[in-house]
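This document starts with one chain, in the form predicted on its own, laid out as C-alpha cells.
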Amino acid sequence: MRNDPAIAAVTEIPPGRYPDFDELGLHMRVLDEFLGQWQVRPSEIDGVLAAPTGVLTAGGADISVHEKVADELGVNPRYAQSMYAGGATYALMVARAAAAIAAGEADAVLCISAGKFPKVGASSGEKIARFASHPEFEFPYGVYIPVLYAMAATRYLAETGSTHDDLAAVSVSQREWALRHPDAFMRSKGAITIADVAASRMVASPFHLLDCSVPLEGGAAVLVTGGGTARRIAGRPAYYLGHGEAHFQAAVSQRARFDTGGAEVSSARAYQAAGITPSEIDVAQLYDSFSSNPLMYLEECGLVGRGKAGEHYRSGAASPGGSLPVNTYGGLMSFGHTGDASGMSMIVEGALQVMGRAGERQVPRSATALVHTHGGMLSEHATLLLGDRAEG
C-alpha cells in the first residue's frame, strides 16, 4: 500500500468502574491519556473514527461521537465518521484508516472508543436480549447473550470432541497472562486452575462463571498514520499488513450453521491481502467473550488443526513461553470486557507486541500479530494482520 500505513501509537485506560463518567466522558479521558502519553499534537490529526455511544446503555445511541472528539481536539478533520459493527468495529476502523492513508485522504487517523456495560436488571436485561436475538424466533423463548454463545460452544464441542477442560484451559492461560499485565482487572485474584473453573457456578452450560468475560468499563485510542510519521512517533511501529471481514445474519436462528465460520472467511481474506500464511503468525489476539471463542478462532484462522485448539492450550503453547501465545494481555476474561469498546483491547495488545512495548508480557520475536474480533452474536467478523515492517 502507498504511504506504508501503520499503527503509530496506542493508549488504553485501565478497565474498571468509572461511575463519574458517562461514555462520552470516558472518550475524553482516553483522549487526555493519549495526548499525555505520546508526542502527538492535536493539529497533526486529520482523521477521526469513533463508534456511537449508548447502543446498549440507556438513552439511545449518539452517532455524532466523531464530531465531539474532533471538537475536543480543536481540529476540522478531512476524514471522519462514526461506525458500528459491535466488537468488530475497531479492526474495521484500523482497516478503513489504513485505506484512507494509502489513498492520500488523511495523514493521521485517530480511532477511539469507550464503553460501559449496562447493569443487568429487569429493564436493561430485556433491552439487551432484544438487541441480541430475533424478535420472533428467539426473544419469546427467553434467549439472552450467554445462551446464544453456549449454543455455538455446544456445537463446537460436539463436532470436535473437545471438552470443558479444554474451555477451562483457555481461562487458565489467560489468567497467567493477566498476572503479567499491571492493568488487568483480575490480576489481583491470582492464578486459577482447571478445577477452579469447573467449580465456579454454572452460567449457561457449558459455561461456568470463569468461562465468561468480566463486564467492566474503559476505552482506548489507536493512531494510524503513514509509515514516516509512525516511525517518528514510535520508532518501531506496527504496520498494517492487511485485513479481511465477513458479515453474517444478525440472528443466530437465521444462519445455516450455528458456530461461527466467520473467522474462517475473514482470516483467509486477510492472509491473501497480506501475502502471508498462518505459519508466519507469532502471536494471536482473539476476541474472547467466552472461553469457546479462542478455541474456535485458533482453528478457523488456520493456526492449529480442526479439534486441536484444546491441546494447544493444555500443552501451554498459548501461555507465557509457549510456541504460539494467545491473548497476551489476559483477554476479555481476565483483563476486562469494556462493553462495545472491548474490541480495542486486542488491537492495542497486538500493536504493543509488534512494537516491542508489551513490558513483562512481551513475546520475543513477535514480528507478526493476528487480531480477530467479532461483533453481535458472532455475526460480524474482522481479522487484522500487523507486522514490524511494511508490506513488501
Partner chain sequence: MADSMADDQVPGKPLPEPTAVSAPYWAAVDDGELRMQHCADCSGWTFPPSTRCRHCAAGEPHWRPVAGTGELLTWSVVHQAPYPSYGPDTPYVVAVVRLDEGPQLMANLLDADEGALAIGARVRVVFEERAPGHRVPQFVLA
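Residue numbers count along the first chain shown, from 1. Fair warning: this is a prediction, and the values are worked out from it, not measured in the lab.
FYI, the form predicted together with the partner chain isn't displayed, but the following is about it.
Chemist: Could you check which residue among 168, 92, 270, 252 gets a heavy atom within 4.5 Å of the partner chain in the model of the complex?
Modeler: It is 252 that has a heavy atom within 4.5 Å of the partner.
Chemist: Find the only residue in 75, 303, 203, 265 having a heavy atom within 4.5 Å of the partner chain in the model of the complex.
Modeler: Partner contact (heavy atom, 4.5 Å) among the options: 203.
Chemist: Is residue 232 part of the interface with the partner chain in the model of the complex - any heavy atom within 4.5 Å?
Modeler: Heavy-atom contact with the partner chain at 4.5 Å: absent for residue 232.
Chemist: Can you tell me if residue 282 lies within 4.5 angstroms of the partner chain in the model of the complex, counting non-hydrogen atoms only?
Modeler: Because no heavy atom of residue 282 falls inside 4.5 Å of the partner chain in the model of the complex, the answer is no.
Chemist: So, in the model of the complex, is residue 155 in contact with the partner chain at a 4.5 angstroms heavy atom limit?
Modeler: It does: once the partner chain is placed as it appears in the model of the complex, residue 155 has a heavy atom within 4.5 Å of it.
Chemist: Test of understanding: in the model of the complex, would residue 134 fall inside 4.5 Å of the partner chain by heavy atoms?
Modeler: Flag for residue 134 set to yes.
Chemist: Which one of these stretches, 291-299, 141-149, 173-181, 99-107, sits within 4.5 Å of the partner chain in the model of the complex when only heavy atoms are counted?
Modeler: One stretch meets the cut-off, namely 141-149.
Chemist: Counting only non-hydrogen atoms and a 4.5 Å cut-off, give the residues of 30-55 close to the partner chain in the model of the complex.
Modeler: Result: empty, none.
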